[in-house]
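Given as structure tokens, the chain that follows is alone and in the form predicted alone.
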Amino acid sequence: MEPSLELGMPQKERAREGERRYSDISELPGVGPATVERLREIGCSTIEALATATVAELEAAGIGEKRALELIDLARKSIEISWVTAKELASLKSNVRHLTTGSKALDSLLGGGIETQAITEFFGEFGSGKSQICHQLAVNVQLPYERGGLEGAALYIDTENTFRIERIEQMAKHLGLDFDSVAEKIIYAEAYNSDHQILLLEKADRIIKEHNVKLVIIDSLTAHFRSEYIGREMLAERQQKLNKHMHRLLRLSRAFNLAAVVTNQVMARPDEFFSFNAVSPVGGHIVGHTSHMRIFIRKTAGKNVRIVRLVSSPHLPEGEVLIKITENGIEDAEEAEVKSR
């Protein structure tokens, strides 16, 4: 059987050869109100979410395997998911943008800032500044492109009650932004347990589309899972849920070209007490393999100064820089010192 789309065919020609493109799940042929409601219940409220869903997820909503394959195929054609050459991939990757952290040194370490279409993980001990970075990013994402922003809103899932609107106000004021306007574009939800956290993300696609969300933050990713799934006998179930949760986040980041940022707790490693690896992030290989950038933050002897180390990346070398957390937000350590004099 001949493929409907030739490998190497230009994207514009593919669009002409393809059938109708759908912008909403209610437009799909044979999809009535009952099916739309079932799809929304499993987090497929948009064409983008349906295109990146699995057959098993649709079967859980009472849709047969054959019908599920048809719906997913129609959704994927609508958002141009297809085989491409490496040359075309390079062109598609030009859509990837970078969000500034507020620190030039850290942006440089990360190849320009926090990358869209990928998950960036910050891990470190309590009080190391993970949530401070999240606050800063929630403000920075609203900046224009020329200032390192993404000209969009932020979706903030808080699992440890660490979000403070006062910090948002301080950071917005420092950047010369109107606080009310900034606060309006941070869409916040507190997750009360791991199931609630999973549900919030599953229902996020419509909010992302309607509010032009360009940054999704989960602070912290593992807190609820760590406290609820205790003991080795519950480890497998915990890891399976974390895996599905992380992949849902990754699919959203790719479907909507947004930046995804998670924070993670650490656990002590007594056998490595005097080395850099004295602590390790929670979540094991599941979180490690799904996070594209893993960044370790640790305190120093200097006041409010942090060492930020890029631990792993698919295309960047390891390295570390110094940043400072001030009343203004995240800054380069050297610049912050000059301002304080």
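Numbers for residues come from their place in the sequence shown, where the first is 1. Everything numeric in this text was worked out from a predicted model, so none of it was measured.
Keep in mind that the form predicted in complex with guanosine-5'-triphosphate (GTP) is missing from the display, and what follows is about it.
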>> Looking at 197 to 205, 144 to 152, 125 to 133, 106 to 114, which stretch has residues with any non-hydrogen atom within 4.5 Å of guanosine-5'-triphosphate (GTP) in the model of the complex?
In response: 125 to 133
>> Arg167 versus guanosine-5'-triphosphate (GTP), in the model of the complex: is there a non-hydrogen atom within 4.5 Å?
In response: yes
>> So, Glu327 and guanosine-5'-triphosphate (GTP): in the model of the complex, are they within 4.5 Å at any heavy atom pair?
In response: yes
> So, in the model of the complex, is Asn243 in contact with guanosine-5'-triphosphate (GTP) at a 4.5 angstroms heavy atom limit?
Replying inline: no
>> Taking any heavy atom pair closer than or equal to 4.5 Å as contact, tell me whether Gln239 reaches guanosine-5'-triphosphate (GTP) in the model of the complex.
In response: no
> Does guanosine-5'-triphosphate (GTP) come within 4.5 Å of a heavy atom in each of Glu160, Gln265 and Arg306 in the model of the complex?
Replying inline: yes
